[in-house]
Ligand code: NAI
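Let's start with one chain on its own, the form predicted on its own, as structure tokens.
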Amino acid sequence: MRHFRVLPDGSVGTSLRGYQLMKSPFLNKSLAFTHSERETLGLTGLLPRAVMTLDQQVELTYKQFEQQPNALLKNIYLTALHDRNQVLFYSLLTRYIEEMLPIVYTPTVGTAIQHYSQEFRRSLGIYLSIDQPEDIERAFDHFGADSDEIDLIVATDGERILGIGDWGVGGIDIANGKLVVYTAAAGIDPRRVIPVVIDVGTDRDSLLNDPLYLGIKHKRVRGEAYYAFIDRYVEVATRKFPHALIHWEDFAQSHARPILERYKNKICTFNDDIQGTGAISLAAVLTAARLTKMPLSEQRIVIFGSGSAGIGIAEQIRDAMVREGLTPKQAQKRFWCIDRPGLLIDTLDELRDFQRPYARAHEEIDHWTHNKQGSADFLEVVKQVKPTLLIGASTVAGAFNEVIVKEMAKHVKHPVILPLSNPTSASEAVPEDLLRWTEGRALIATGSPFDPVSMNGQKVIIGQANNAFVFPGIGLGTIVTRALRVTDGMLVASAEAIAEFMDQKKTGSPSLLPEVKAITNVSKAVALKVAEKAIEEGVARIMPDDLEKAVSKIMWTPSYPNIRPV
């Protein structure tokens, strides 16, 4: 149970005293407890005599952070800080956001998840086991929050973590990492969120055979039992916290889209891998369309990797094309989608339902060179289509090779190339290579962070198509309006907000997306657009008179509250 309540004046009342108080990450101030607080809260003699300001603590912890010898140990250090003092953690993170975001989120969080069982320290989330479905209700009860105290729940089943696959119960760290970004970027109150791992087993033999593995030690449960467990989770979570946004994270494509389709028109829910990836990609595409002066509706788009994420990107861009005047069918014809069998065509046996709208008629490729599956391979598609825009969502490292890129660049003055897979080791291309192969003409955004590239005597900033520019603002805009749903229009609005942000900069830089240091301003801009769209589309339960003021007011900032004994 939680032993504190936020009081009407913004102070916090707690029954905790002494060491128990300092064990609460939400209440602990460590050396910043004043002498009077130490007296009233039972802390006298439990801390050194000195009192430090929050700024002094930030500088001290930053020096300790710098001393960590590698990214994994830096992640472990920051996680430990998060687990003992959240105000200090977020103060440090927001001050050094460019340096620390890749440590607490992608790509380093992937390494941390692989070591989850070995590095386990403390649990701050909810663990739901498919072997005990009757415990879901009690698990949420034991979290100790009232129905109006939770705004956001992030859940994963750990099957498709980033580009590293199935890591079972270790997926709780991706839920926690996502929530950290929600708070650091958009000021989502960390006291009003819940990370959840839905533990249905794992298919990774190394985990099943590891005596230290902390999750269920059997193969993943699938089929009706799996969906019944998901249904039970949704029913309990939405009943207990009726205003919360339900966020789905890193589910395998065989489950991600069916779950989203199952609930998106019934509850306030969002899948970042499908919808967030689509929105940030659309933002990059909108900026590219402006820079190249080619309307979105005239782009020829090849997507390499057409699973849930790839098709999610296509759907977001398609919706934007429809807003420009195309019909949905006309917009779908602007895409050539490639997956394992090659170009998606209507005669392939293994097409998934969500891929079918983007499958080309087999007659279209009669005169093309065919592969063994009777379709066309990647290079043949590029030769025939002459794409203006190439998107990678495959996790196939190096797939955008020199031959592919040079073929594309033959036909386009400024090829737009988005290798979006992460972590870095799974990126379809390295920006330096892309610029060299196109003689500096390519416009690039990547899924993982890359350093600027020197080209023709100039520094080229590589924009990162990081979902962190999108999902925090979507969450904030949804929360401030208490939206009933996350609509397609709200998603498009989030992308348009980012593109407008880039247009307003007018720096002359060819970067397609903002720099990480601007993430808070970007998130606020996204939140405003999303909230406006929620009100316009009639899904908002709250319609503030002054939306910008309402967004600013709800954003949590890391500062120590006054703590009162109760």
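The numbering used is simple: start at 1 and walk along the sequence shown. Rigid core (definition): largest C-alpha set, two forms, superposition within 1.5 Å. Bear in mind that the values here come from a model prediction, so they are computed numbers and not experimental data.
Another form exists, predicted together with the named molecule; not displayed. Remarks below refer to it.
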Can you pick the stretch from 84-92, 419-427, 214-222, 140-148 whose heavy atoms fall within 4.5 Å of the named molecule in the predicted complex?
419-427
Taking 4.5 Å between heavy atoms as the contact cutoff, choose which of Phe400, Phe304, Tyr105, Tyr233 touches the named molecule in the predicted complex.
Phe304
Consider the chain as shown here, without its partner, and state which of Arg122, His362, Lys410, Arg340 has a heavy atom within 4.5 Å of the named molecule in the predicted complex.
Arg340
Against the named molecule in the predicted complex, would Arg323 count as a contact residue? Criterion: heavy atoms within 4.5 Å.
no
May I ask you to check whether Ser375 falls inside a 4.5 Å heavy atom distance of the named molecule in the predicted complex?
no
Can Gln253 be called a contact residue for the named molecule in the predicted complex at 4.5 Å between heavy atoms?
yes
Is Thr277 close enough to touch the named molecule in the predicted complex, meaning at least one heavy atom pair within 4.5 Å?
yes
Residues from 437-462 in contact with the named molecule (non-hydrogen atom within 4.5 Å) in the predicted complex
Gly447
C-alpha of Ile246: shift of 2 angstroms or more between the shown form and the other one, rigid core aligned?
no
After the core is matched up, is the C-alpha of Pro419 off by 2 Å or more between the shown form and the other one?
yes
If you line up the core, does Asp166 shift 2 angstroms or more at its C-alpha between the shown form and the other one?
no
